[in-house]
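Same protein, same chain, two forms; see structure 1 and structure 2 below, as structure tokens.
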Structure 1
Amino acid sequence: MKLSDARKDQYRKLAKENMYRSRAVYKLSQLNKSHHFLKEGMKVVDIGAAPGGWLQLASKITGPKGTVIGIDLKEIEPIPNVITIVGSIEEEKDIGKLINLIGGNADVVLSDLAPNVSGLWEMDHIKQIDLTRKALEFTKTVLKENGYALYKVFQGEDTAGFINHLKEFFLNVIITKPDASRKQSSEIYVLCKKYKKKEQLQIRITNT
């Protein structure tokens, strides 16, 4: 067995032992251990949330005073203290439902969105980054000032442009790849810290 496969199995085994629904939970857990963006009492939205590993961890960290809401095309088995909806980040009506549910400013937006992959690297990259752009548009409607966002991105020719675009909206943008993310996978995670004040964004728009 290759070392990378062994690592993949190690996280899958760990997820099973700890009753998490996906090995992806360890990516979020490792990122949060380094950057501490999820905290007790926070309001968190997770886009592309099925089967629910990230939701389980977010709910555990935010606790009973927190709010965790997830959306996915697929149905998510109920998780205590977590609200989920079946819908698409590409559909206005579903975005509307999500905004109503959030009922105010979110502290953190998470996006682990992935389309059905074709295996054609460049095509998958374009599809994935298009979805993530929708996640960013949604973020702008719900994230509070100084809030955080985490986006999965499949690397490709549009990555640099997208990351530069993110820098217009956040004070600090960090590109990272947690140990639990397979080395041979093209995915990276972009952690965006401190959503800028609406006035700062307004100045930028007026000056361009």
Structure 2
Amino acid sequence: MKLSDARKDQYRKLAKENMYRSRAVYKLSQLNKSHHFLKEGMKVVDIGAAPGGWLQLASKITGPKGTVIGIDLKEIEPIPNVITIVGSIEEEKDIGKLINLIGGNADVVLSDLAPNVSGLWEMDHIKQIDLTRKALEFTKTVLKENGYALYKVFQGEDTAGFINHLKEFFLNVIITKPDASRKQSSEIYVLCKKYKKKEQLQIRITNT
């Protein structure tokens, strides 16, 4: 994106005016207005949370009775009423620390993960899907029964297979793209509702 285009970006301007740390906050805001998966009092985990825009919005929505935790390899500047962890979703000690801090299982897992973009689209797509597969494995550890998960996904040849894999764990999988996503971007968001253990889903399918 050219610098001149960035200066004209309405969501970048709005983020600055409203003291949000990134324009991506409006993607989450628009998705939540459409699907209402973030609510007051919820426990929310944000994977790859730096610089913290999604954490700011999640904390605002869940309120003082909610719990919002962000985990990232990079340190996140403090946000009121938000807990942040420098760590990896592949490390058992970091997962254990997160579960202790949240006091059980999360109601919602958010993932806006993306690799450092190389410009070679097929390679970037594969790396992004791999990251999101790791996010799913983490989700299976921390998400409560009937919980929600939101994943960013780069479109490409592996997208359909990954989305079908998500359907093995969630009763409802919705593919969407908020207006705040740049039109030229190939990113989409996959909202997953009603988390179930794989065995429970298989029993449900057998009985229907």
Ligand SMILES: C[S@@+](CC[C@H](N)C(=O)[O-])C[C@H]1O[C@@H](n2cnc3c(N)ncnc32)[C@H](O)[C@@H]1O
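For residue numbers, the reference is structure 1: its sequence is counted from 1. As the structure is a prediction and not an experimental result, all values here were calculated from the model. C-alpha atoms forming the largest set that superposes within 1.5 Å between two forms make up the rigid core.
- Looking at both structures, it is structure 2 that matches the form predicted alone.
- Here Ile102 counts as shifted, since its C-alpha moves by at least 2 Å between structure 1 and structure 2 after the core is aligned.
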